[in-house]
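Next up: just one chain, as structure tokens, the form predicted on its own.
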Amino acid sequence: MTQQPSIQAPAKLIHGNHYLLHGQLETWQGPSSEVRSPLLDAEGQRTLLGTVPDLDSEVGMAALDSAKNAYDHGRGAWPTAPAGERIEAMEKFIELILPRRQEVVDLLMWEIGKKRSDSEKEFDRTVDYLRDTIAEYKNLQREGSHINVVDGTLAQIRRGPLGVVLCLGPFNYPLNETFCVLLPAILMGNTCVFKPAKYGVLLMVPLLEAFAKSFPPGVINVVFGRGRTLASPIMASGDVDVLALIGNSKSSNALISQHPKPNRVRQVLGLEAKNPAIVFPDADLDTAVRECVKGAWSFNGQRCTALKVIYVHKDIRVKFLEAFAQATDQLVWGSPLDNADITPLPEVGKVEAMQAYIQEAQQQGAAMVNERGGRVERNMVFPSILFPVSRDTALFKEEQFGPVCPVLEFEDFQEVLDDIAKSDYGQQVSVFTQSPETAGHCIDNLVNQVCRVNLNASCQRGPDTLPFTGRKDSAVSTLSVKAALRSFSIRTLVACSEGQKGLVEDVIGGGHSSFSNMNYLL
């Protein structure tokens, strides 16, 4: 066991006093917000990392106007730009952020307590995602480079942008999850206003210049501050065409309700989940335990794809819990700088929230299964396994988003199916069995309840080429390398009768249109 040591603050504080508006890094002279690390100093205080602007609604509306003007009802330079021009801008952006890798990785560790290897993986995976997105965008352009002939009608079909996007990123994957929606939206010809999350915000400061140098004015506008101050007036204006939010359903519902015409807003949402694991009697115990440890406790359980409730068949419940508890108690807690498994929780009040879940569950009959469960060291909570957990507790009903996991025993699989059907969430499930019959039965009963059934593996997003979505309150729209581009666009076509063939040939042959062309991107 390694406890979190008192540490020295970073050698240099980052005072971000700029925001990106219409292609320019503007200097903010008003109030700022301190950015503090979950890593504590010698006095037990959150280490000061720097500051970011606390912008007012006037700046937020100026950013919206910039995005609106750049889009210009689809007539702006960016939405009408040739595909090659957009690709060139995206490639330049990737080139400019690569030298900032170490700086971003360090800030991921300091700001949100993500361990070193996961922070490095987040940056590298994001760069790979952007490169794959460019490749898929080229495929889209190739698909649209030919003319279809159907029943005497000539038609060229491409995907066009939707308009102005308001993008709000999450704190747990502030780089990856944000860029996986923001950059595909831009590449498809939309213009954006982007507000980083409250935590994981400082790492955007060293990337502002890359945005400014890569994209034309107004295409991407980056503002810092409070959601109520910035996002609410922007939505209330009625000028947002797409809400791209990675967070929770309460926030998305509140924002959508402020739009005067919510039916016109395309929603691309990654929301909360309550992913279950189901462990059958014939499961390979080593595999089930290993995957449940990874699924429940990676990044302290602060992932929408985390395993947040585990169902174990009564015949193996004792053996599973013994092995699960032992493997959990072997995890190391400490500093993310030392690549510890369990790290400080970035959200203020999170320790108390986890303790409240534990206390209520215990009051209703649950016992702490693992010896180290529930221990607190400063602002770290050691993973807690609770059994048996009542279905009336908050821990069973809510997404805990932290290192506490309820376990329930089952004998009849129908009990589990009923819980999943009644749940407000429907992202993924993990099934542990070695029986083809059991696996097949689970697949057929679960694929219409969740959007991904994982066999003998923990829930996860990757590979990024696979669809990533959810049912009910877990998501709206689909994200992946391929799907994200489609989520931020709409099929658009130019059509005419075969009698107009000569006109079409002249338009294409003369290079008179960026949309109607047969250029084949290599």
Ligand code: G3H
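Note that residue numbering begins at 1 and tracks the sequence as displayed. This is a predicted model, so every value here is computed, not measured.
Separately, the form predicted in complex with glyceraldehyde-3-phosphate exists; it is not shown, and the next lines address it.
Based on heavy atom distances of at most 4.5 Å to glyceraldehyde-3-phosphate in the model of the complex, which listed stretch, 461-469, 59-67, 44-52, 26-34, is the contact stretch?
Looking at the partner contacts, the answer comes out as 461-469.
Looking at the partner-bound form in the model of the complex, is Ile112 within 4.5 Å of glyceraldehyde-3-phosphate by any heavy atom?
Judged by the heavy-atom cut-off of 4.5 Å, Ile112 is well away from glyceraldehyde-3-phosphate in the model of the complex.
Heavy atoms within 4.5 Å of glyceraldehyde-3-phosphate in the model of the complex: does Thr305 have any?
Heavy-atom contact with glyceraldehyde-3-phosphate at 4.5 Å: present for Thr305.
Heavy atom of Ser384 within 4.5 Å of glyceraldehyde-3-phosphate in the model of the complex
Close contact is absent here: in the model of the complex, Ser384 is far from glyceraldehyde-3-phosphate, nothing within 4.5 Å, heavy atoms only.
Considering only heavy atoms, tell me if Arg125 and glyceraldehyde-3-phosphate come within 4.5 Å of each other in the model of the complex.
Arg125: yes, in contact with glyceraldehyde-3-phosphate in the model of the complex.
Could you tell me which one of Phe179, Phe324, Tyr173, Trp78 places a heavy atom within 4.5 Å of glyceraldehyde-3-phosphate in the model of the complex?
Answer to the contact question: Tyr173.
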